[in-house]
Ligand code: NAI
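In the block that follows, a single chain appears as structure tokens, in the form predicted on its own.
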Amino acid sequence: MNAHGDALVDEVLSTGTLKDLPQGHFIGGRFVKAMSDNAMESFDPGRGRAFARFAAGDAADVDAAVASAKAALNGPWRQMSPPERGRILQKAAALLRERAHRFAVVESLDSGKRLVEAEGDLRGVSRAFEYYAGAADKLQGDSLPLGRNYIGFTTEEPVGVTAQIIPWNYPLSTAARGIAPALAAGCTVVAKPAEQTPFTTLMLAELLHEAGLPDGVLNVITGTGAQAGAPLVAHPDVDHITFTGSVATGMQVMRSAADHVTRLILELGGKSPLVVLADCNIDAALSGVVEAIYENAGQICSAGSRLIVERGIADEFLGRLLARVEKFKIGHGLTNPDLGPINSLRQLEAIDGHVQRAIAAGNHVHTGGAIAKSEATGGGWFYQPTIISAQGLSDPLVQEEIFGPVLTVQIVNDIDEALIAANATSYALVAGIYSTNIVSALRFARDVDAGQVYINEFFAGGIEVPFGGNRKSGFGREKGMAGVRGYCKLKSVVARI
């Protein structure tokens, strides 16, 4: 953070808000009011107070945004060559790096995450646009070997108007990993950020327009899921939906998509296992476990929320883990504490409900287990960093996504039991293992059901690595070249000579 960034932090901490936040939806290359003229409040999770208002959209606003995106498909965007699209995305990456401090401060203020985490997100977001800038002119088809009397080939074409439903836990990161590949493929976009965290997606749309994106190619509608999100995913002129969120809402999105046979990618929940074997590097594993569950206060679909530890080191490992966690300081995200706030009061109460039911059922709490208060902020939504033991594979602590700073502990005797425990839920998003035995690690990677496996570093990789889940964690892949192909439709052409 430089002097400008420090000044932005000081402005928020002293005034409770930030000047010049976006106003209205972004439709057709400009900010516009909601047609109803309704507005909503956005809350600072570190204080539990509203800091700004934004447009509350509905079906009429969605219609306007989709119409704008559909019209843009047949405008200058359609005629633009892949290298030209790539240059716009490259310019966006450069602008994001120039303005990273403001984006990071707004992201921290709106979502609650620690500023250092938001700064890391911005590095990833600019890298995503840089990566897909390079991918725009790499979407090539195949030549089909049909014999000397025929020429056969395939082409990758943009799928059309895409809807992006963006969650509140990683607003800008999730927006980028969908918007950047969609634009690289030549699609147009209507994005709907979560009502808890609208501002950085609006800022991103304005920035991309400044980078050269034609009017209407990227539109952003703000508002609730019921009033704005539902009409968007049900819209007959939407050709593709990318949704990140809960399993229950994802099922509703699938039902809406079925009415128009709309393509979709779903990234849903997770209850990801992190296996620690007795032969691991304990210091590395401790750091990995802490990051896996307490980054963003545990509000991560792919959080390592289940520690599966081999019995031979369980006591030592838990003892050292508790010593670290019990020193955590909580506070406002912009002050870079060890643990930031929960995004909303509703989510805070949901986390506490899971934990209190477990305590009532007799589960042993090693540390934490209650709502916390921050003396520094005098308010806000905080939960103690919690470690709690499961009572078996069917325990709700094992089976249910808590989405907070709550680590479930499962003790196993060997790699065989670790695999049984790892595969014991209906989720299959990511999985991790710490072991110095490469045979054990690769066996785990082979036999665990997960869309992505980390060995000796949780959250390893970046935009280059395809990401997505199996079973109730969803389907389809984002990131990597798989991510951009998800926004393409394959056409086969055969000519007789």
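So that there is no doubt, residue numbering starts at 1 and follows the sequence shown. Just so it is clear, the structure is predicted and the values come from calculations on it, not from any experiment.
What comes next is about the form predicted in complex with the named molecule, which does not appear here.
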property: Heavy atom of T249 within 4.5 Å of the named molecule in the model of the complex; result: yes
property: Contact flag, A72 vs the named molecule in the model of the complex, heavy atom cut 4.5 Å; result: no
property: G245: touches the named molecule in the model of the complex, heavy atom cutoff 4.5 angstroms; result: yes
property: Contact of A418 with the named molecule in the model of the complex (heavy atom, 4.5 Å); result: no
property: Partner-contacting position among G212, G124, G160, G225 - heavy atom within 4.5 Å of the named molecule in the model of the complex; result: G225
property: Contact residue in the model of the complex, from V355, A257, A194, A292 (heavy atom within 4.5 Å of the named molecule); result: A194
property: Candidate stretches 333-341, 81-89, 168-176, 204-212 - the one whose heavy atoms come within 4.5 Å of the named molecule in the model of the complex; result: 168-176
